[in-house]
Each structure stands twice: as C-alpha cells, then as structure tokens.
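Just the one chain here, the form predicted on its own, laid out as structure tokens.
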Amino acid sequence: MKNFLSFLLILVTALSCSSKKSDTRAEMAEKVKQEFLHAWGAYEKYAWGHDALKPLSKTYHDWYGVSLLMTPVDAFDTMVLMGLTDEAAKDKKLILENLSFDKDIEVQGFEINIRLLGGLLSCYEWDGDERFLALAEDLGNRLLPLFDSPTGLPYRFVNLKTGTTRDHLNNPAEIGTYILEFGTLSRLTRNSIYYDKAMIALNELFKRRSDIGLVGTIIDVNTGEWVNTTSHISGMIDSYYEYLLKAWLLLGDENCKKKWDASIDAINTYLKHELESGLWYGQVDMHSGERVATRFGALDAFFPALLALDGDFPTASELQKSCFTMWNLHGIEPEQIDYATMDVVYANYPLRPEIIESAYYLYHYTRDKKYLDMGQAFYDGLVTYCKTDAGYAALKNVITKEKEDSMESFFLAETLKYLYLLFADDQVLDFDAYVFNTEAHPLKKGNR
C-alpha cells in the first residue's frame, strides 16, 4: 500500500508540473539544438577524432584502442536535421579524410552495424557523397564473415582485417538487427548478398521460436539451441522485434510483416501485465509462458513507439504512461525497476533515448499535447542532472544523481535527435518517407 501511495504522489506531482506554462514547440526545438551544440562543442574540444567524449575528465575513449569515429558518424544526420551546416561540413571532412576500417581489431558486429553502417548509409542518403557509400560497402563486406556459422545465425565479434569470428552465444537483438542496414546496403549497391545474409539469420531465428511463439534471451549459433529461455522485450531481444516490423515498412518485405504479426500476438498474450501501477511487459519462460520476473526498464521504453508504428495507439499510450511513471520516480529514469513494487533494480542512466523516441512517435500520430509535456520533463531532467561544463554525463545512480564519466555517441544520434524532432516543425523530416534504425538513423523507404 505504501508503494502504491508513493506512486500516486508521483503521478499527481507530474500532472501538476505539466500544467505550468511551457515554451512553444519552436522555442523548445531551439533549446534542444543549443544543448546539442553544447555537447558537440565539448566533443570537438576534448575528444576530436576519437570515438566518444569523457565529459568529467575532459578526455576521450576509443572502443577498441583505435578510433572508428563513432560519435562523428553517429551525430552527422542529427546535424543535418537541425540545419547545422557548418558543423556538418566539418564533421564530414573529418569522417571522409580519417575513417578507415582496414584495422586489425575485433569488433562487436551489432554495435558497429547500427552505429557505423547505419550512420554511413544515412550520411550518404542525406548528403549524397558517394564516398560515404563506399565506406559503408567496405564495412558491410568486413561484417559478412559474422554470418558464416552452421546455422546462418551471426557470431557476435569479427576481426575487421582477418574476418576471424568469435562468440557463438548470441541473442535475438544482435542476431536480428541487421536487416534494415544490410537491406539498404543491398538496395544502394545493387548487391543482394547483404540482404540475403541478414534475411537468412532472421528466418533461422524466427524458425526457432517456441511453440507459443516466443524467443529466449541467448542462443548458440553453432547448434541453434537455446541457452537462456527467458523471454521479454528488453535488451538482448528488443530490436529483433523492432526490425521485424520495420523491415516490412522499409523494404516492403511481407514475410517480415507476417513474422511481426505472429510475434506481437505472442508478446501481448504472455508478456503483457496490468497492475494498479499501470500497464507493463514483464519476463516469462519462452516455452511455458510462466512469469519469471516483473522487471521493466529504460530499454523497454522503445515499445510504445513500436506499438504506435503498428497502429495500436491505446496500448502504446497506456505503456508510455507507465514509462513516464518510471521516469518520474526520481526525476530521470533508472535502467530497470521492479514494476510490482516500483523499486529500482538498476539505478544507472546512460543517457538513453527510448522513452523520448516513444513520445515522439505518439505525438506524431496523435498530436496529443501531453507528449510535448513529457518532452519538457525529459529536457528538464537531462539539463538538471546530466549537463556538465563539457557536454553531458551519464548517471551512475538516478537516486543520488552521481555522474559517470561517459557520453555515448547515441546521446547525439538518438536522445537529442528524438527530443528535437518532438518539438521541431514537421517539415524537418517526412516521417512517412523514412524508417529509423535502432540507432535513430533515418533510412529512405524503398524495395530492394
């Protein structure tokens, strides 16, 4: 009862805050743009030419010991959308003069695909310079060995120079999150090998769902056997579902739409969980459907956007309300909570974008002002708790607000992009002409 009363107090506070006078959409869009410039300026000053800024120590971090220009590639299309032509031109020069994938390093295929391949494809589609496409094609070729397993399901790591692969224990998100980027690469290069490899992986994964239509968390790509049978919509599974629906929208693939329809039926049957605190999606065993945990977090907050994209606005709205409740527990969302008790399970906040993404989608479809009010709250939380004199910092703990020396590239690629688009004039991007990959890189719709 105590937890429920606390939840009611949070809800009342949130509602009262939303009634205060807010800035216009144009004013908010400009504010977000200025925060992007603040973060990008810190990157330029302290981390130029490297993968990511460390805002507290005012230094940089390279994922694999050498730079792959993670932040510059990830941030480019955000600059274009914001009309930051000078910054985009300088960024483009950095990428085209310095980015090379001819490096003897082992990389995680999933992250490289969504950030760098997706980013380069978007750079090309928004800028038109063939050198972006050449870089994307080179990277795509270096990622292809990932799929050389007995099942066609990709390994997790690959050496960019030698093609040597590693880690046969993979998850649905890292297996199923290639089709948008590889499909686009096939369309632009007129080479079907990328699409074919990604589609085989998607088909093989879907084929291994349980009798009740769910996938687990970890699978052995050599044998095709499940190692962890917990099913959910959170990290390690999330973008697999996202790409089933989006592959249909981006590439016109009807088989992916059928896969999505079958999957969402199973998700709503077994994962959906309504309590006094709201509507949630929990964790169950993939074979029995028995609930094994009442966990929900920042990564799960992408799901209202996906539901909205599928046209299920009532469910999307209710779930977004729950996500906002999670955000308001401590003025900024934790990585994960137990929604049965509303206790924080993991208290960190890595500057994640998913809840903002969902507000953007829902506002696009419904024009309900409450999503703009949510955007105001997201902006306030970020500026109040994460802004530093050198960019933005993740939080180690949303309760104590202790900062962490990290500003991931997705903060510029996703978090600030979605927040800007929520407030910006609709002419900035034709929503119906693009599909966002899971790193928020907008790719043009079109069959292969």
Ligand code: DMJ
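Computed from a predicted model, the values in this text were never measured in an experiment. Counting begins at 1, following the sequence as shown.
Beyond what is shown, the protein has a form predicted together with the ligand; the following relates to that form.
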property	result
Residue (of Ala201, Ile233, Ile114, Leu319) lying close to the ligand in the predicted complex, criterion heavy atoms within 4.5 Å	Ile114
Sole residue of Arg142, Arg352, Lys246, Lys197 within 4.5 Å of the ligand in the predicted complex, by heavy atom	Arg352
Contact segment among 35 to 43, 391 to 399, 51 to 59, 409 to 417, judged by heavy atoms lying within 4.5 Å of the ligand in the predicted complex	409 to 417
Heavy atom of Leu299 within 4.5 Å of the ligand in the predicted complex	yes
Residues within 4.5 Å of the ligand in the predicted complex, restricted to 411 to 439 and counted by heavy atom	Glu414, Thr438, Glu439
